[in-house]
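Just one chain follows, in the form predicted on its own, and it is written as structure tokens.
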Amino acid sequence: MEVLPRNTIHHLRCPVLDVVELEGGHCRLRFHAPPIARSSIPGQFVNVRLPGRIDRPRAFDSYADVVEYHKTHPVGEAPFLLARPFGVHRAGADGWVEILFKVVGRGTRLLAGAALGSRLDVLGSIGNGFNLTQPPQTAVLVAGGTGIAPLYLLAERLHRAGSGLVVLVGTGFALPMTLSDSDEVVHFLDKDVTAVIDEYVDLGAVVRIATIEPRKGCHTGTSVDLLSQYLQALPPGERAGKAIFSCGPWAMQAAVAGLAARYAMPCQVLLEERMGCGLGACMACVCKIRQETGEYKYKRVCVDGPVFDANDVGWEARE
């Protein structure tokens, strides 16, 4: 896969513009970062950290003075040490950037509670994005959980390039985007599967949703089930000009890669891995990637990815 040139990585203090709570413990956070908004390409991520809450350094003559000061100035909750990586969800021409995440731990909880106007420590955009040098006639976007977040920026770019969009989303139950009911019947699913995500429909996408827990209008199952049914229903002559783009948990993406290989369809995957530094120094996010020689070498998901050709990922080699 051809790798596009990287953009400059900016280190900014970014004011929070908006924080919206969504169903299922999800959160959409918007901050002002014009250089990142201008340069981000689909698939890249930002490292976000909540800085310390000490407004300015203070000096005390004695420990008793420290105690007395904090009687009237309670110490806020300490910030988290390591930044959290989030795929760029959306970006606006006037300089705002959005991330979309689920509150799962202390770091995301603190971010979800960030006050408007408070400043975030942001590093981005980082990594190699999706290769869009030859946009497909139809792009099949497959997401698991909050893997839907970075695929929206991709959908926007593909829509502007003239690609048709098929969006297949799987989740436990709740989705972090606006849902509605569609009258459109798709050829590969039961007519009762009608729930769609409005933001993608606005781009002209065919959208269908799968949930592990039954939900009205959704297919009971996974995004892999949706993709399998979609590919099975495609006549062989209609596979040309289509490509798969995926983001989600490792096991889900391994299954997507397997289906893409079975039907001989190109597939790019945005890998989700735990990261320490996000800049390639700590080596915490390595995975095995096949080289041109056929052998596998460890590559850093943060800077060598996070997007890879699905055929190159050592899905079975993960330790």
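So that there is no doubt, residue numbering starts at 1 and follows the sequence shown. If you're wondering where the values come from, they're calculated on a predicted model, not measured in any experiment.
FYI, the form predicted in complex with a small molecule isn't displayed, but the following is about it.
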In the model of the complex, the residue from Thr222, Thr146, Ser228, Asn131 with a non-hydrogen atom within 4.5 Å of the small molecule is Thr146
From Leu81, Ala161, Leu116, Val104: within 4.5 Å of the small molecule in the model of the complex by heavy atoms is Val104
*Quick check: do Phe245, Cys267 and Phe308 each get a heavy atom within 4.5 Å of the small molecule in the model of the complex?*
no
Counting only non-hydrogen atoms, the one stretch of 86-94, 190-198, 165-173, 207-215 within 4.5 angstroms of the small molecule in the model of the complex is 86-94
Q: Look up in the model of the complex whether Ala37 has a non-hydrogen atom within 4.5 angstroms of the small molecule, and give yes or no.
A: no
ask   = Applying a 4.5 Å heavy atom distance criterion, does Met275 contact the small molecule in the model of the complex?
value = yes
query: Going by a heavy atom distance of 4.5 Å, is Gly124 a contact of the small molecule in the model of the complex?
result: no
Review point. Would Leu259 count as touching the small molecule in the model of the complex under a 4.5 Å heavy atom rule?
Key: no
